[in-house]
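Given next, in structure tokens, is a single chain: the form predicted alone.
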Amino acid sequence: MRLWLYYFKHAFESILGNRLIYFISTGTISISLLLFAAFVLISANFNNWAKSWEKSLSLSVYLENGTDAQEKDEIAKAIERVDGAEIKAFISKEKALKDLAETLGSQVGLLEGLTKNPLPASYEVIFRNRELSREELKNIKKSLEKVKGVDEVQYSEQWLERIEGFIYFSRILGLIVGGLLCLAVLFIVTNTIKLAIYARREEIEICKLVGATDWFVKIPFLLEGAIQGIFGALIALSVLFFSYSMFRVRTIQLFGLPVMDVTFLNAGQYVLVVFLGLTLGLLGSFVAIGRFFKF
């Protein structure tokens, strides 16, 4: 116990003695891990959105402009004839435009130049107590589009099919960016520990001459790297949480698509970011001291 207290004391003394270098190093690590944590946050929310989307099967039946009341009734009857289908709501052109304006928020000025309402009226349809394959959904879409007054039918899984490619691409891009950020963190930690070793090389030589083992000298440097990684991760998560707290919108819905609840990282993801910082800090230290000691 006393030995580990010595190790930690020695590591913190070294950090305080080279605080400017460690401050810059930890700050850079924080930025790198902040970008990684932000990607994890966005990816997790998109994944949750896609899962909830799969569970909330729905249809949007868009009407042609000029559809009269009788045609609307015929369309409603055609929808009700579909097994398990239930009309959740009728969205008029005016309500569709109002919902769009609310979604745009401060950017509502983009709609000021419109001379007429371009959005169609629609029926929002849900399915209760029935699971449908994509082939069945396509057949329902084709049959409803044949009804007079119906312009187009879109179903939730159709949107999901379109966005799956984007989600897959974003994951690959995230892995590439995450890998580059990890390499950057390793480079930063390695060079910071190297500077610390050069600054204390005379002290290290004296310790070796009086009989200190290699690990007795190595452990404080490993702790320095671990401390950098942990502090960098905690700072990154704190900044991300502050930014999330300042983000006023907690739910996002566009054009009648399923609602996306914006949530923060869960405990497992939180631990993942801290563990990544710790691992990168230790790896960087191992690389740095590997040049000066034989394992």
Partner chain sequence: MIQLFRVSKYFGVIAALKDATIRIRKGEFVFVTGPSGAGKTTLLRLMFGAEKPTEGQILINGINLGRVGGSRLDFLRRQIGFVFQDFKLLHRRTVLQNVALASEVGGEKWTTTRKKTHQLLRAVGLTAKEHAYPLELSGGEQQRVAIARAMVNDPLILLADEPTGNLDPEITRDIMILFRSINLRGTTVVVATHNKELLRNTDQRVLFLQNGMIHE
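Positions refer to the first chain, counted from 1. All values reported here derive from a predicted model rather than from experimental measurement.
Beyond the structure shown, there is the form predicted in complex with its partner chain, which is absent from this document and is the topic of what follows.
Comparing 136-144, 67-75, 200-208, 80-88 against its partner chain in the predicted bound form, the single stretch with non-hydrogen atoms within 4.5 angstroms of it is 200-208. Among heavy atoms of N18, some come within 4.5 Å of its partner chain in the predicted bound form. Using a 4.5 Å cutoff between non-hydrogen atoms, Y6 counts as a contact of its partner chain in the predicted bound form.
Taking the partner from elsewhere, E124 is found to have every heavy atom lying beyond 4.5 Å of its partner chain in the predicted bound form. Using a 4.5 angstroms limit between non-hydrogen atoms, D99 is distant from its partner chain in the predicted bound form.
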